[in-house]
Structures are given as structure tokens and as C-alpha cells.
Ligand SMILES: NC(=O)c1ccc[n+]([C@@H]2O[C@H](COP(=O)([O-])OP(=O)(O)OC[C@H]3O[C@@H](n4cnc5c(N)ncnc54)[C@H](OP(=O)(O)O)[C@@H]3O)[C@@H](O)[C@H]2O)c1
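Only one chain is given next, in C-alpha cells, and it is the form predicted alone.
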């Protein structure tokens, strides 16, 4: 398949790009700093700002699917990357007749999501980290999901739990809306997205992804994903 990956230089975008190329797909990797991606067979790097009107038209033309790994580090600053980037992607895809779109969101957007057996997270960290520190990002993700629901595309919203880096794909689990678990390895998120582009099991719906075989621990997650400056 010809896959377009938005946010290809971010940690999830790199995992998607690596796995897609390894699977034999042709990848158009879109990022503001696309030159940072090493040249590889099957890879076309496109420097573009996904939030700029018309910036994605050339990139999505002829694609079989677009996979958005657009994302920002949690902060209280206003966020518009998710909704603006997806709005431009939807416009470009509808113009060029490309139907399949997968976009990374968050399990937090499912009101029923509360990982089983995680009392400290559910009652202390989640109300602060997700509902305060990352509130702006999650509000913009809601705008993004609403845009997709109103589009004509065959979309899938992919909702990981707390993201962390891991060396290899595990026996991850997926579920409608969100999955019961506190963590999602980025390599598992990427693998689930690529599988969904082929299986189309969650068309015009949300899909949760969680890692069940390993976990980084809450302190490491906070240090690496919330407090670290990228």
C-alpha cells in the first residue's frame, strides 16, 4: 500500500514509518522537519506544515491511506494541531478521493475509560495530568474527532493509553472505544494502526490499544512523557 504518515518525525510517527517500510509499504512521510528522516528505499519525505491550508494536497494524492501521528507534549498552552491538521487532511483527501484515515487520539476521550485496578492513577494522577495538564490537548482531540465524524471518510480514531517507548512489538490488545489498560507502547500503537489499515475492523469508530505484557511504571511515564522537554 501507499501510506501517508503525518507527524512522521515524532516518536509514534517514526515507529509507524519504520514498521510500514519493513512491511513493504511505500511511505510518504510528512513533517515540518522531514529532512531529519534518513533516506531509505520506499520512503518519500515531504516537508510540510499540516496545519497550513493546502499543505497536504500533493502528499495525499494517490494514497491508499493516511495515518496521522500528529501530537504535542502535554502542557497547559492552547492546542490546535490535532483539529487543524486533520481538517486539512480531510479536505485534501476528499479533494483527491482518498477515503481511509486513521488518527491518534487518546483513551481519555472515552468517558468510561478507567483502567481496572489502578486506584492511584484513577483517583489522583488522572484528574491532574489528563484533566488539567493535558486538558488543552484533549479538548483539541475532541474537536478532531468531531471533524472526522462529520466527514465522508472511512476514518478510525485510535486511542492509546499512556504512551511509552519500548524495544519491540508485544501481544497488545485492542477494543472498541478504549481498551482496559494504563499503558500503550508506541511500537504497539503503530502495529495496531497498520493492522487496522488492512483489516478495517473499526471503520468510522474508535479503537483502543493497550500493552499488556510490560509496563514502564508511573514515575517513569511522568518523567519521560510529561516532564521531558522535547
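Source: prediction; values computed, not measured. Positions refer to the first chain, counted from 1.
The same protein also has a form predicted in complex with the ligand, omitted here; what follows describes it.
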Hey, with the ligand in the predicted complex, do 51, 70 and 105 all fall inside the 4.5 Å heavy atom range?
-> yes
Can you say which of 118 to 126, 147 to 155, 91 to 99, 76 to 84 gets within 4.5 Å of the ligand in the predicted complex, counting heavy atoms only?
-> 76 to 84
At the 4.5 Å heavy atom threshold, is residue 31 in contact with the ligand in the predicted complex?
-> yes
Classify residue 202 as contacting or not contacting the ligand in the predicted complex by the rule of any non-hydrogen atom within 4.5 angstroms, answering yes or no.
-> no
Exercise: residue 4 in contact with the ligand in the predicted complex, heavy atom 4.5 Å = no
Applying a 4.5 Å heavy atom distance criterion, does residue 216 contact the ligand in the predicted complex?
-> no
Select from 130 to 161 the residues with a non-hydrogen atom within 4.5 Å of the ligand in the predicted complex and write them out in sequence order.
-> 141, 160, 161
